[in-house]
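In structure tokens, one chain follows: the form predicted on its own.
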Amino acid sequence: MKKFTPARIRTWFQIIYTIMTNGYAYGFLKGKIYKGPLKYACVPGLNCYSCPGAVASCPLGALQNALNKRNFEVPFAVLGFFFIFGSVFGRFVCGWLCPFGLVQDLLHKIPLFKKRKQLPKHHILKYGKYVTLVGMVLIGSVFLFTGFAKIPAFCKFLCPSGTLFGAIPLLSTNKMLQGQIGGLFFWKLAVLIAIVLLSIKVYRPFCQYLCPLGAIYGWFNKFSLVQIRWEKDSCVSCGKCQEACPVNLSPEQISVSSECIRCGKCVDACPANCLKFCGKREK
């Protein structure tokens, strides 16, 4: 009988959470966005406001909306949200609570292509998510204009989650929107297709190289409450944890690295039981 580990229930947890946060069936049927009181609240993952099934908002969208205001003000409420969830969960949010993370996980299970954990030049490309965060989410939202209005640059020009969960379902049922399809939609559709195809071969390419939300939560990984503790004295140096890790982290890097999404695969693979989920990191 296989031992119970969090990694064994993660996919089901992701599916249930995605249904809970994107399960507004009436929105999908009618091609309308839910605008009730829950939309004033954010959920921690990449959860598009424009998804007809979404019952809450994306924190990146909320941050850009705050930065889009005519008179710039520090968005303390959204920053506080990131601090609370980052301090408690770190990139556990990416591994367990992000709908687009689930999509990439499922795509990577498709038995096509020879699988890779990372792209060539990963040590350089991994900083792309920080470039996206600063360039599109922060600077772009403050200074980029369309006509006389500021725009949420990341949502408008890049976010594949918004295209998959928002634009495509809305266009499939809303005839008025179908008549407004233009070059921007086809650009974002091309981005989505590229990420979908790449996800079949490479593990979570959007999360590893482009996602600004992962960049934010990654800053909290070293001191967040949810950790994977490595008991060095019990380690037999077999290398099975790194072999199982989808982003190729060594036991020294697991949990503390900004790339660790707390998927738990290392815990599942460890024969010496020296990797464990815990509430806080013990020194």
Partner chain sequence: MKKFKIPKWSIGVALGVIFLVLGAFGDQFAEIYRKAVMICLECIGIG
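Positions refer to the first chain, counted from 1. Since the structure is predicted, the reported quantities are computational estimates derived from the model, not experimental observations.
The protein also exists as the form predicted in complex with its partner chain; that form is not presented, and the subsequent description refers to it.
Taken together, Phe13, Tyr127 and Leu138 are entirely out of contact with its partner chain in the predicted complex: none brings a heavy atom within 4.5 Å. Under a 4.5 angstroms non-hydrogen atom cutoff, its partner chain in the predicted complex lacks Ser172 among its neighbouring residues.
Using a 4.5 Å cutoff between non-hydrogen atoms, Lys188 counts as a contact of its partner chain in the predicted complex. Shown alone here, Phe113 lies farther than 4.5 Å from its partner chain in the predicted complex, counting heavy atoms only. In the predicted complex, none of the heavy atoms of Gln208 sits within 4.5 Å of a heavy atom of its partner chain. Proximity to its partner chain in the predicted complex, taken as a non-hydrogen atom within 4.5 angstroms, holds for one residue of Leu225, Cys235, Ala244, Val256, which is Leu225.
Look at 153-161, 103-111, 193-201, 119-127: in the predicted complex, residues with non-hydrogen atoms within 4.5 angstroms of its partner chain sit in 153-161.
Residues are counted as partner-facing when one of their heavy atoms sits within 4.5 Å of its partner chain in the predicted complex; in 176-207 these are Leu177, Gln180, Ile181, Leu184, Phe185, Lys188, in sequence order.
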